[in-house]
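Okay, here we've got a single chain as structure tokens, the form predicted on its own, with questions on binding and movement later.
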Amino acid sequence: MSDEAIHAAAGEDCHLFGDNNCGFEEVAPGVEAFFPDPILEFGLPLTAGITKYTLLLVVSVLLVMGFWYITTRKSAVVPGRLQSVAEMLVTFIRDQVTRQQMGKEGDKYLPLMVTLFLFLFSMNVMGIIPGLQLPVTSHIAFPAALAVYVYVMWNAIGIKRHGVAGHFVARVVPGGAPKWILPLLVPIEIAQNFIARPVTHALRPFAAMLSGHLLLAVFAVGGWYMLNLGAGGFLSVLSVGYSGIALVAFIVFTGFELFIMALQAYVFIMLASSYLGEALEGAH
């Protein structure tokens, strides 16, 4: 949430009930929370410089690296607890994602999918770590970069396996479709596979993280705004009740948001595996 919203909500003169009610619309978090001020600017056109997103991206990378260092630094034939966690994660993604979408040929893409999952999840989880509280994927640039990477791989694998004509024909001409309907289907397939696919691939985690973080911010700021011990008598008790409900909702939705963060990372690699499997198979 924005510093302005935090300061306004925390201000002694801005709470529900009594004469110090400034109105929730004055403190409610908005989209400005997703546009932090640059920490360091370089004056280059079309660049934002070093922002909070940049720092959290570095933290996300360090988290992934730390996970692998901690879980594999004492690798053994009989795995310990930490190594077992890493092995369960790899086995789960292999059995439930890559082999489901690409068969055994998908094993060579397993490291990529495991890395993508951990990287996306670590960027998502930045939104609920106290003191950080901003999911990196709530900025469209980051999921878009990963979606473009998968998109380029999808085309590269398809072209390498089936040739340029074979790949593009397979993607725009539905198998078994009668010739008379192709003038209608081909433009739809082009728009769906070559335009909408990377866009929707990037928008899904972006929209989920942006809306989820905004919801948590509303409960956090709203809970503090409704707490007014100085209102006096019954209103003070009522404010504590309202604030308590908001606090419970914040905790419940934080747990739910953690599940959504993992789910969105899983869905992203599931779609990526599906696209790569499609390129390997060739047929529409």
Partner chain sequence: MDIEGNLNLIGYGLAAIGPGIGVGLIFGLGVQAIARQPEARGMLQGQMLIGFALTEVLALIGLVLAFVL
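All of these numbers come straight from a predicted model, not from anything done at the bench. Numbering follows the first chain given and starts at 1.
The same protein has a further form, the form predicted in complex with the partner chain, not shown here; the description that follows concerns it.
This chain appears without its partner; in the model of the complex, the one residue of Gln133, Asn155, Thr200, Gln83 with a heavy atom within 4.5 Å of the partner chain is Thr200. In short, of 100-108, 145-153, 123-131, 67-75 it is 100-108 that has heavy atoms within 4.5 Å of the partner chain in the model of the complex. Although the partner chain is omitted here, in the model of the complex none of His213, Phe219 and Ala249 has a heavy atom within 4.5 Å of it. When contacts are judged by a 4.5 Å heavy atom cut-off, Leu62 does not count as touching the partner chain in the model of the complex.
When the partner chain is considered in the model of the complex, Phe119 lies well away from it, no heavy atom lying within 4.5 Å. In the model of the complex, the partner chain lies farther than 4.5 Å from every heavy atom of Phe17. Looking at Val31, you'd find a heavy atom of it within 4.5 angstroms of the partner chain in the model of the complex. Of the residues in 253-275, those that come within 4.5 Å of the partner chain in the model of the complex through at least one heavy atom are, in sequence order, Leu263, Gln264, Tyr266, Val267, Met270, Leu271, Ser274.
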